[in-house]
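Presented as structure tokens, the chain that follows is alone, the form predicted on its own.
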Amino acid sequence: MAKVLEGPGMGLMKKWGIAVPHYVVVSSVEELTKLSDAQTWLRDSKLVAKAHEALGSRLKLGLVKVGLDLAGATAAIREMLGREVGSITVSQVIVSEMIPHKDEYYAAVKSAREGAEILVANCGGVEVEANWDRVKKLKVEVGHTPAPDTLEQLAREAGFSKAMATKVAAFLGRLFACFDNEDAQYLEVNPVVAREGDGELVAVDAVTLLDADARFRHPDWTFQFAAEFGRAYTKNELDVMAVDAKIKGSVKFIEIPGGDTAMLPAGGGASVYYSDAVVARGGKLANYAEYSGDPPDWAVEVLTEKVCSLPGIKNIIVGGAIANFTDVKKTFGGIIAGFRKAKAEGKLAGAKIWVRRGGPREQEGLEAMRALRGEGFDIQVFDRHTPLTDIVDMALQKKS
């Protein structure tokens, strides 16, 4: 699951016919000035400026300004950019038109065990949190699409008049279409407002969570996902994410500053198992990583290069449990190529490599790993008969 910032989240909803305010995302005052020359709404509308970062409580932090003219938005951008909140530095601001309205509503679609659940309330903003009993829900089974009359009945149950219920039902139908077609796991619009003048329902704020592993199905997902750890992604992390988006299978990489034990395991289960074992034995992780689903060798090579680039590493733990279909020799070929490149660049001086793996073509893969000893690598290789925790014990000198 990956969070999408407000700007691209609004863009996805607009794609599926949901009305959203005019908006721009800028990283400098100069950028806003250039945009205002071409987009008249920036000069003629009341504006809202918000820090475009994965931050909670932006209003309390002074990172939301409302009722601005262009000069006020310019001042707000100048004030927000570069501000540090925890480990996040504000690098972008979203400026949108302020939609005149009286009433606010709530709408969401979220994943559920049975498929999805649609939520709606005739109150919104902060009010919905204190009145959660007013939120009405509709379960939708996998592969099904809710009928318009079913959505209208849901809106009526939430307290909307017949005329408004018809509008709300149409809004919910478009929101569900966005959720279903964009591989979303959670979409929330709070608030939805009825615009004064024409009464059209407009999404003025959004929370969007997508299935990051579905990116290969969506060539228009050109946006970056929001960082999940309260900081911006590093260049190496972004490079691996770019590879992951292009391949069958998966490669993952997250840096953990200050650690000296690097991880290069196969599969999410093995990754968590090894990581827990390192921490339980007093080790310091330098990263989280995994390759799974039989990724191509070139993708595993890129991941290996990033792992080998971690500063101060003393041990690299490679492998995993017994694979069902991942070709051990092929994926090890990518790791070996990455090791050779890193060694040629002087990145593995003093690092010990520990390998444990089982699965299709494991003996060929393990023999190829053992052959690295003749090239000057400090490497120990074990097959499926060695417990995973023994590798960690040996790496951390807990067991001889």
Partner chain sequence: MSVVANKDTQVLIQGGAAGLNAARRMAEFCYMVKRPLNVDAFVYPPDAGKTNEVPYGSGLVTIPVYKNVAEATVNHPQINTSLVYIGADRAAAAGIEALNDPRIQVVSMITEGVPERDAKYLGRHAIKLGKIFNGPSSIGIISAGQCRLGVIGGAFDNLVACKLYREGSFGVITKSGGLSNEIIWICSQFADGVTTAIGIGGDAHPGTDYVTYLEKFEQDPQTKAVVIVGEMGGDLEERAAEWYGAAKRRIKLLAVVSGFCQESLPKGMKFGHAGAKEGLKGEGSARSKSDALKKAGALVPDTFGALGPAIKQVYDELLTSGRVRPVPELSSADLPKLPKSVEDGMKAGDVLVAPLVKTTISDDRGDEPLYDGYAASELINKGYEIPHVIALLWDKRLITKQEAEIIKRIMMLSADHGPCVSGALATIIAACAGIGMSQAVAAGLIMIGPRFGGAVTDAGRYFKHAVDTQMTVDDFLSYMKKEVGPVPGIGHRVKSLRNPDKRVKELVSYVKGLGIPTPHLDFALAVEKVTSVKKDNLILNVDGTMAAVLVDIGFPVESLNGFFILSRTIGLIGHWVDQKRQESRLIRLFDYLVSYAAPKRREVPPLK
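Numbering follows the first chain given and starts at 1. So that the term is clear: the rigid core is the largest set of C-alpha atoms that superpose within 1.5 Å between two forms. Please read all numbers here as calculations on a predicted model, not as lab measurements.
Keep in mind the form predicted in complex with its partner chain is missing from the figure; the text below concerns it.
Of the candidate stretches 314-322, 197-205, 161-169, 94-102, only 314-322 has residues whose heavy atoms lie within 4.5 Å of its partner chain in the predicted complex.
Checked against its partner chain in the predicted complex, the candidates 245, 147, 279, 85 yield a single residue with a heavy atom inside 4.5 Å, and that residue is 279. Checked against its partner chain in the predicted complex, the residues 188, 255, 294, 305 give one hit for a heavy atom within 4.5 Å, which is 255. If you check its partner chain in the predicted complex, you find a heavy atom from every one of 183, 213 and 285 within 4.5 Å. Contact annotation for residue 388: at least one heavy atom lies within 4.5 Å of its partner chain in the predicted complex. Remark: residue 71 does not count among the residues lining its partner chain in the predicted complex, judged by a heavy atom distance of 4.5 Å or less.
Within 4.5 Å of some heavy atom of its partner chain in the predicted complex lies at least one heavy atom of residue 113. Interface residue remark: residue 125 is not counted as part of the site for its partner chain in the predicted complex, having no heavy atom within 4.5 Å. Contacts with its partner chain in the predicted complex, taken as any heavy atom within 4.5 Å, map within 136-168 to 141, 142, 143, 144. Annotation for residue 254: C-alpha shift of 2 angstroms or more between this form and the one not shown, rigid core superposed.
Annotation for residue 280: C-alpha shift of 2 angstroms or more between this form and the one not shown, rigid core superposed. Annotation for residue 189: C-alpha shift under 2 angstroms between this form and the one not shown, rigid core superposed.
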